[in-house]
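Starting off, we have a lone chain in the form predicted alone, written out as structure tokens.
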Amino acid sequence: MNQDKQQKRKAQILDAALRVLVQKGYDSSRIDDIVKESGMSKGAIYWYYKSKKEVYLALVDHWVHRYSVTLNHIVEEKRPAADELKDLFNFFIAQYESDTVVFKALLEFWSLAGRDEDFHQKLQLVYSDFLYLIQKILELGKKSGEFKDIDITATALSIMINIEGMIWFTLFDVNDLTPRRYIQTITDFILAGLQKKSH
């Protein structure tokens, strides 16, 4: 089997695993559920992954890889830092509006990270990379004089936490507040705090 076909089959398994994770949770899901959701045989799944845990650990990488190209492109563009931050927020709200499944799955991964060291280490790497990406934008703004003299790490962490605040909307109805209005408001607050008055 050629590499391209193998990658497609892995993606088929992991996309099915994502749906199963959201529907049943990690503890209640089984390989048989992924078999049924993917339309593939159990043998085919075990050819690529030795266990349910291995499938879900690979799912984290699959999800990160899917979004990293776009996120890195946002940062690599030579534009004002404020525009890059806006694009970062807009990227996540567009993802949320197209499909909330990844945000729902993140809750399950958080829970797993709290009780399983392998998931903890995997998510630690994911969050470290995301934090670094935000820090790059903030450092650009600080260096160019667009942003104030800020604590880069604390500010990046605050931005990351605010983006993840969208997960709240997968759990609860927040009256007439939409995720988009939440993000737009947060973006305005953050930029007002970051930018020098001349901007």
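Residue numbers run from 1 along the displayed sequence. What you see is a predicted model, and the numbers here were worked out from it, not measured in a lab.
Just so it is clear, the following notes concern the form predicted together with a further copy of the same chain, a form of the same protein that is not shown.
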Using heavy atoms only and a 4.5 Å cut-off, determine which of 72, 90, 111, 100 is in contact with a further copy of the same chain in the predicted complex.
111
Quick one: does residue 123 come within 4.5 Å of a further copy of the same chain in the predicted complex, counting heavy atoms only?
yes
When the contact criterion is heavy atoms within 4.5 Å, does residue 155 count as touching a further copy of the same chain in the predicted complex?
yes
Please tell me whether any heavy atom belonging to residue 107 falls inside 4.5 Å of a heavy atom of a further copy of the same chain, as the geometry stands in the predicted complex.
yes
Tell me, yes or no, whether residue 32 is in contact with a further copy of the same chain in the predicted complex, where a contact means a heavy atom of each within 4.5 Å.
no
a further copy of the same chain in the predicted complex - contacting residues of 127-161, heavy atom within 4.5 Å:
127, 131, 135, 150, 151, 153, 154, 155, 157, 158, 160, 161
